[in-house]
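A lone chain, given as structure tokens: the form predicted on its own.
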């Protein structure tokens, strides 16, 4: 039985649900058309639908009285990191130094970095490297359909069929030849996902330990990059989006471009080697602050793609 509730009052907290879900940090969410706009995803073993009801609250529709072992309203607040004050992401000194950029960023105060499942984050970023968001989303959907358990979601008098994300055990046992269809036909990448999933299933990769504040970002990078197919960028993505380490600062082509264009970092003009990656990451952290550098970086990333490149999530 599904139950319906409106438990989350935002109390004026800035939240842009669509930008948060479709800004390149998660590829699990789908839009459903009904009497309103619905966003649907499997969260752990639950099917969850979110509908914005008004400026002050949302409605959560789910198939149990807990989502990822939390009451739905607590899960929602944690997932969308409502505890982070996005109004203070960029310091007064930053806004004074970059007033035009600060004006652009002010449009995205509602963008939230999500606290996602680390295994889902790891596989999602491994399975579709170097391609656009729309194709990544299709690849992750294929992965769920091929290897995940089906769920039927009821909403607004209708129903939709979605699939859970496969467990580490399921992907550890997957045939790479079958999995390659979900990795842009890259067999080596499929084999890497199987091997990394096996390390998670066997406890060689312990996400709980990696998420601990006592584990340094460099230790996270070292542990994750021991898996073939995971380099510095994917390790930092897992840290930021999957482990709640909001200081982690992933760098891809878009990030390298805005670090050069907006901030004049000379290293951004060259090839993104491990050495230049580390230099750029350190410089960005110095600029944005160690606690929330990655959170602020995702705002910059989304602003760059939207305002400068004119790119869409779909």
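Positions refer to the first chain, counted from 1. For clarity, every value in this text was computed on a predicted model and none was experimentally measured.
Just so you know, the form predicted in complex with the DNA exists too; it's not on screen, but the next bit is about it.
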Only one of 232, 195, 142, 82 comes within 4.5 Å of the DNA in the predicted bound form by heavy atoms, so just point that one out.
-> 232
Ok, 211, 172, 228, 160: which has a heavy atom sitting within 4.5 Å of the DNA in the predicted bound form?
-> 228
Do heavy atoms from each of 125, 257 and 309 fall within 4.5 Å of the DNA in the predicted bound form?
-> yes
Go through 195-203, 212-220, 145-153, 232-240 and give me the stretch that gets within 4.5 Å of the DNA in the predicted bound form, heavy atoms only.
-> 232-240
May I ask you to state whether residue 20 is within 4.5 Å of the DNA in the predicted bound form, using heavy atom distances?
-> no
Exercise: residue 31 in contact with the DNA in the predicted bound form, heavy atom 4.5 Å | no
Exercise: residue 130 in contact with the DNA in the predicted bound form, heavy atom 4.5 Å | yes
Contact label in the predicted bound form: residue 252 to the DNA, heavy atom within 4.5 Å | yes
